[in-house]
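Take a look at this single chain in structure tokens; it is the form predicted on its own.
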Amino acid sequence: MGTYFHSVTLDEEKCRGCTNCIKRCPTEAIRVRKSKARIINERCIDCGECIRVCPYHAKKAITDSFDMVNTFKYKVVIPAPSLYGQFKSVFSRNHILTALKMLGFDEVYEVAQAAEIVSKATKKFINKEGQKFPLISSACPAVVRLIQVRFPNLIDNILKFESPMEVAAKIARDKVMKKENLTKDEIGVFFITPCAAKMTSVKAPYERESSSVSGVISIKDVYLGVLNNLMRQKSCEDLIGAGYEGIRWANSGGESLALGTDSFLAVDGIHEVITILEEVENDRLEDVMFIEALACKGGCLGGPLTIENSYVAKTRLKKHIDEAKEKAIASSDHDDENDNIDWTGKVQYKPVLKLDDDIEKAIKKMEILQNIENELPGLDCGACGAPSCRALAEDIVRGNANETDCLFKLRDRVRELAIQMMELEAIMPPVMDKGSGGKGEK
């Protein structure tokens, strides 16, 4: 198994050893050992669910420092459309983009524009004959990695198009290279992200050899700077290029609505996504052509690196969508740039349950695992530090846990030891038995 980069990490000093995270992790990637959480890299999909549920803020997402921007001669920023929902409705999209540019960027290119390109390509692809349905959107990297880990049979269902982030980065860099006569390495393209999974997909891309994005900066890290610029801004540039269909991608269902078909399903929230993927795996959604699956509740507006409540942000984003409709800002025609958004790499199954490289040993270990699981109470209480009894059984087989980590097993063991101690006391050697008092001896 390869080595993976992960944006989601643990701050051990803040961790109190509670079990909130282990119960909510969709891939059982977290254990609590010695009163501290541990993240199993091979299982983690960087969905950020643990960041949301940790009451002590012990889980965090690593993104690039803003200082990285200044290492490039020419700086381009590509903001996710979810950024627009973070600020009050009195600020127009041009105001927000100008304020973002004022942080030190030379150019702005909306990821929403690239979203429109992906929508157009998807619409054409769906109408081709011989497609395997339902197609599953590849826009959310956490969902793609979830399929790699838990649903390998659905890998062929993934739409093999690059994400709007990657498309935007490539187009923006190519335009600057032509306009400014600069080399590729002189141009830094920075994505403003609402989630940790995008950072992971840039540092460890699954669909291509390397990412077109130079760096990933969280919305949280630019929020105050943008807000400050908005407050002192006297005028703004005309920077918008995306229509309402691209902006709408920030919401759950936004990608699907652009396809011109009613045969779609939009699901948000990683646990709800798992439920739908199980339905697909069991051939219960044959009448659905397209599934838009997003790991975050509410779509990208609910990302763990956003600032505003997702419901408030949704209302604010609607204002930008309505304005784009009223001003007839149509989806830009990028047909000439539509040719190269196919994946160049191949998504592969990541077998996290592989117990041994030797198939015979793996089968024996699986039998042992099953026997251990059958002996456990089956309550999945999480008190052992694993999310389920089966997960504990697997940890025991791997040598990472003991059977007595289960409180019920520990209680039974203590009782056995107590009985043994009583039995030993009953057969105490005469030399140590104070109760005899030497009676009958002269």
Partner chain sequence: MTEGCLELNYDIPANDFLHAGEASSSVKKMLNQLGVDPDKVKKTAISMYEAEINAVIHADGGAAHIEIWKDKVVIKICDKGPGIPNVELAMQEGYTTAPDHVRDMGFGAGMGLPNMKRYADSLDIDTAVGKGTTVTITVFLK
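This one's a predicted model, so the numbers in the text were calculated from it and none came from an experiment. Positions refer to the first chain, counted from 1. Between two forms, the rigid core is defined as the largest C-alpha subset superposing within 1.5 Å.
What comes next is about the form predicted in complex with the partner chain, which does not appear here.
A single residue from the set 131, 89, 370, 94 has any heavy atom within 4.5 angstroms of the partner chain in the predicted bound form; that residue is 370. The partner is absent here; in the predicted bound form, the one residue of 283, 238, 209, 262 having a heavy atom within 4.5 Å of the partner chain is 283.
The shortest heavy atom separation between residue 173 and the partner chain in the predicted bound form exceeds 4.5 Å.
A residue is said to contact a partner when one of its heavy atoms sits within 4.5 Å of a partner heavy atom; residue 124 fails this definition for the partner chain in the predicted bound form, lying far away.
For residue 152, a non-hydrogen atom is located within 4.5 Å of the partner chain in the predicted bound form, even though that partner is not displayed. The shortest heavy atom separation between residue 398 and the partner chain in the predicted bound form is within 4.5 Å.
Stretch 387-395 is the answer when you ask which of 31-39, 387-395, 54-62, 401-409 has residues with heavy atoms within 4.5 Å of the partner chain in the predicted bound form. Of all the residues from 358-384, those having a non-hydrogen atom no more than 4.5 Å from the partner chain in the predicted bound form are 359, 360, 362, 363, 364, 366, 367, 370. Once the rigid core is used as the reference frame, the Cα position of residue 65 differs between the shown form and the other one by less than 2 Å.
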